[in-house]
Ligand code: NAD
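Before any questions on binding or motion, here is one chain by itself as structure tokens, the form predicted on its own.
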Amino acid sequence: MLINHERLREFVKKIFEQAGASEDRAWQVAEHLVEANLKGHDSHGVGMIPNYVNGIQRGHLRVNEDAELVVDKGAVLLVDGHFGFGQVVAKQATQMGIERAKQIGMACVGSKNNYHIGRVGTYGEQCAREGLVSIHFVNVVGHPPFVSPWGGRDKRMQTNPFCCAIPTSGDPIILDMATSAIALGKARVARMKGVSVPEGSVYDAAGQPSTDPNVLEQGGSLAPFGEHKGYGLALVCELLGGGLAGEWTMQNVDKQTDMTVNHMLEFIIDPNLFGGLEAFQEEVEGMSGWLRSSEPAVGNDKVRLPGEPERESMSERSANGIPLDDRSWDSIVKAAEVAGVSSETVESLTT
């Protein structure tokens, strides 16, 4: 099915309001999730709603919490999200870092105890809009691991995202990626659609490569991207995002329940500490043009920069609708009903 993004946003907002969230928080989460779908990241979009409703029902996700500044050492801030909506509390923590970076040139922000923060690129975009460079290391805890270390069969880590955002005079460069070959949510989407995943992205229970997303429910694991390189970056995200900022890493087996918690370590930098924003942007845009001028390889229409595929997807889906498979849609509707949205309201918001 295809669904209009404005109608979908209203539906998602209603779900979280019925689940107890204030109107502004419900709107922020709805806006974030639908934007993830618009930008082609269905793994971090409205398909997360059943996870969130389950978290609310179990008391893990606290829908009306705000981020609290618990340590202030000038350029270094530690912020506790108190297991509030990640889309709310991580944004608040990032804003604290933006304000501090504008004051003194740089901020290092540890943002801990956030319920799932969604698409990490959102926080990079938040910084880039202010003319700031940002680097984000994120770990994932609260539920059993899905990613095997390079050279190992057993699951020991999560998809641990990494993001870097660079401002330009126009659209920013946003490198936002899981350190696994694919995000767990992308495997979920593939399973819901009944399609395969790319070669080398999952292993079966015996540690053999597979393209069947169902092996993840049969003892299999996600692979790190780029073999040992992705594994190494995932470990850095685990130790900096989780170990340093959050003091909670995947080796705490007794905490692997049914939550989805993110810790994030952010570095936010004002280019004016160096040669100035304009001089930096001149170099960025010169390099961007140099890359785009490369002759496309066979099978490619052009060279793209990080962030461009998302903007292309947003343009197309804003005009034509967001695609949702039937199984994902059914699970969202069931979650809405669990949250207290009547079947009549569901029908009125989605037809």
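Numbers follow the displayed sequence, beginning with 1. Keep in mind that what you see is a predicted model, and the values were worked out from it rather than measured.
If you look for the form predicted together with nicotinamide-adenine-dinucleotide, you will not find it shown, but the lines that follow are about it.
> Just to confirm, residue 112 within 4.5 Å of nicotinamide-adenine-dinucleotide in the predicted complex by heavy atoms?
No.
> Check whether residue 178 has any heavy atom within 4.5 Å of a heavy atom of nicotinamide-adenine-dinucleotide in the predicted complex, and answer yes or no.
Yes, residue 178 is a contact residue.
> Just to confirm, residue 310 within 4.5 Å of nicotinamide-adenine-dinucleotide in the predicted complex by heavy atoms?
It does: once nicotinamide-adenine-dinucleotide is placed as it appears in the predicted complex, residue 310 has a heavy atom within 4.5 Å of it.
> Hey, in the predicted complex, does residue 120 get a heavy atom within 4.5 angstroms of nicotinamide-adenine-dinucleotide?
Yes - in the predicted complex, heavy atoms of residue 120 and nicotinamide-adenine-dinucleotide come within 4.5 Å of each other.
> Look at the candidate spot formed by 145, 191 and 328 and say whether nicotinamide-adenine-dinucleotide comes within 4.5 Å of a heavy atom in all three of them in the predicted complex.
Contact check failed for every one of 145, 191 and 328.
> By the heavy atom within 4.5 Å rule, which residue out of 140, 268, 165, 222 makes contact with nicotinamide-adenine-dinucleotide in the predicted complex?
Of 140, 268, 165, 222, the residue with a heavy atom within 4.5 Å of nicotinamide-adenine-dinucleotide in the predicted complex is 140.
> Can you pick out, from 107, 88, 174, 250, the residue that has a heavy atom within 4.5 Å of nicotinamide-adenine-dinucleotide in the predicted complex?
Selected option: 174.
> So which of 203 to 211, 74 to 82, 229 to 237, 112 to 120 is the stretch with heavy atoms within 4.5 Å of nicotinamide-adenine-dinucleotide in the predicted complex?
So the stretch in question is 112 to 120.
> Can you name the residues of 155 to 170 that have a heavy atom within 4.5 Å of nicotinamide-adenine-dinucleotide in the predicted complex?
Read in sequence order, the residues that approach nicotinamide-adenine-dinucleotide (within 4.5 Å, in the predicted complex) are 159, 161.
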